[in-house]
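So this first bit is one chain, no partners, the form predicted alone, shown in structure tokens.
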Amino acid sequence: MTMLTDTPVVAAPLYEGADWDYDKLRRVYDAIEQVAVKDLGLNTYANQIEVITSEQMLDAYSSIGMPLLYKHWSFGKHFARDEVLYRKGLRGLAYEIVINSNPCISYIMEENTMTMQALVTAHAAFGHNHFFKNNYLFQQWTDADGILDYLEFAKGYVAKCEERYGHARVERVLDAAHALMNHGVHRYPRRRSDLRNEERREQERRSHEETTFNDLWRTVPTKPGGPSLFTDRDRRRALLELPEENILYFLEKKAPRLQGWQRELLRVVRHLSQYFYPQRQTKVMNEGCATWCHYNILRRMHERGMITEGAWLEVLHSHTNVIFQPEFDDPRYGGLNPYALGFAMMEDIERIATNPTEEDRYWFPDFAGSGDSVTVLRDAWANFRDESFILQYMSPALIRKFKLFHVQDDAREPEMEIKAIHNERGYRSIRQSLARQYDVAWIEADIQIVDVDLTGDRKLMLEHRVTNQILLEDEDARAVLQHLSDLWGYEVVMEEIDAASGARLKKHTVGPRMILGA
């Protein structure tokens, strides 16, 4: 590995014991920054460290990790659940929460020991921070400079709406918007939102709506048999820019019965959904990057005498807990631990770059034996997401270490089949199958708005393109469609269509409850 080793070995540790104070935090932060920047070449936003209590950490948990977010009853429900589990000792708390913003805000708990404060500072303030700033998905989709101002605007806007229109009406719109949140993102590159100017733009939109009307519905004929601009389905779809996969965006722009403030609430939820979209695609890489960074930063500090043997043992204890991967028959098993898989892949890349086998040289000729693992890792963190990262960097050695194999479970067959094991013929199949499990386009339902009957009953038509014959759960589908119908204001119909054959498999029809008001 290429690393700078000009940092001197210090005569005495930076701290001793478990107690912390702000002077110790400052000294340790400076030491971590020196190792992170000089040894690992990390490039981060400016850091802001906030010390909070466990109660405040629970509060931050409940609002999807965004302490500045607006109020909603579901956040309180999550708070009560997490608090009970925490008080009964059934669940621990995360030691930190970090916000992808500029400056990057890391929240650490005051109950942590000094060593844990050092660990989470290295993990969040430098590992996550570097990933947020440099990964192409975050650069493409999120606005780190504007998110804090936007959260403040959104919180204030929701509060004003509650005061003016009542808590119940605001809550109904947010309930519906949250139900559709995962279908409120643009999946393909387009102009990034400038969140800092959203407050000004909201005022401009309101002024515009006060002086205009919805031009789309002006074109609907008022007399039966009268002239219609919509002579065929294609022209109608072109007018509405269909098909549209961003359901919240379509409702915000085209729903005929929503008032201006209701459209703005949908826009708030849509912006938040878009903000979290890169995080859903990079869970393994993001946590793997942060875990690898905290381990290597603190290991170097230990080697240079900056932290004591006792502190290093505490680091190893916490680090081992984080990357623990239960076996498949362990009651604690819940799938692959993203920390374990991510950290293992980072370490494997480091091994291939510095100490490759002949197998590694065959599979990874571009960097096997290059000796510069940090450069390889920084390039991977910047240019991949989980799916493509696994496809590119999952090695046969790691497949054997995790004992991975590929099981095909076809509902039409009476038995499951082992399609590939960890041998020469199975490596590529296992790697492709594992990568697909991290592809959000594959694991999330492909639902699009395809048509609307403008000249008739304004029925909204959707299609779900079914893969592997996996239909939506009927009860869940109807519950979400109910929220969609409430926002649209008219009947909603969704057909489930087999993506391979085009066969129509199921149909859901839901009418509005008229609870959002005219």
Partner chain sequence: MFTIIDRRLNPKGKSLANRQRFLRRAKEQVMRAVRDTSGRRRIQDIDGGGDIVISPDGIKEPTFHRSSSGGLRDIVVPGNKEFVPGDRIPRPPSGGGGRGSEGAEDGGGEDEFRFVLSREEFIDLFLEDLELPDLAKRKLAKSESLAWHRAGYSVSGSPANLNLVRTMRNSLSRRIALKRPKPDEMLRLREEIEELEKSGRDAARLAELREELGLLLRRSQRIPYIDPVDVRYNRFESTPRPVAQAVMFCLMDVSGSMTEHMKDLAKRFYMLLYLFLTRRYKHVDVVFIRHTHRAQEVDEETFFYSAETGGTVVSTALEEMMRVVKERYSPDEWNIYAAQASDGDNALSDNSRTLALLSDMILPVCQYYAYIEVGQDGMAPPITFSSSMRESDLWRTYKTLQGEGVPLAMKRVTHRREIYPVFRELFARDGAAQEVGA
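Positions refer to the first chain, counted from 1. In this text, all values refer to a predicted model and were calculated from it rather than measured experimentally.
The same protein has a further form, the form predicted together with the partner chain, not shown here; the description that follows concerns it.
- The partner chain in the predicted complex comes within 4.5 Å of a heavy atom belonging to D409.
- N468 belongs to the set of residues with a heavy atom inside 4.5 Å of the partner chain in the predicted complex.
- Contact annotation for I307: none of its heavy atoms lies within 4.5 Å of the partner chain in the predicted complex.
- Contact annotation: H183 falls within 4.5 Å of the partner chain in the predicted complex, judged by heavy atom distances.
- For a residue to qualify, one of its non-hydrogen atoms must sit within 4.5 Å of the partner chain in the predicted complex; all three of G76, M416 and A445 qualify.
- Exactly one of the stretches 327 to 335, 369 to 377, 249 to 257, 279 to 287 approaches the partner chain in the predicted complex with heavy atoms within 4.5 Å, and it is 327 to 335.
- I430 is the sole member of M116, A124, I352, I430 with a non-hydrogen atom lying within 4.5 angstroms of the partner chain in the predicted complex.
- The partner is absent here, but in the predicted complex a heavy atom of D175, alone among E347, E244, E359, D175, sits within 4.5 Å of the partner chain.
- In the predicted complex, E162, H167, E171, D175 are the residues of 148 to 176 with at least one heavy atom within 4.5 Å of the partner chain, listed from first to last.
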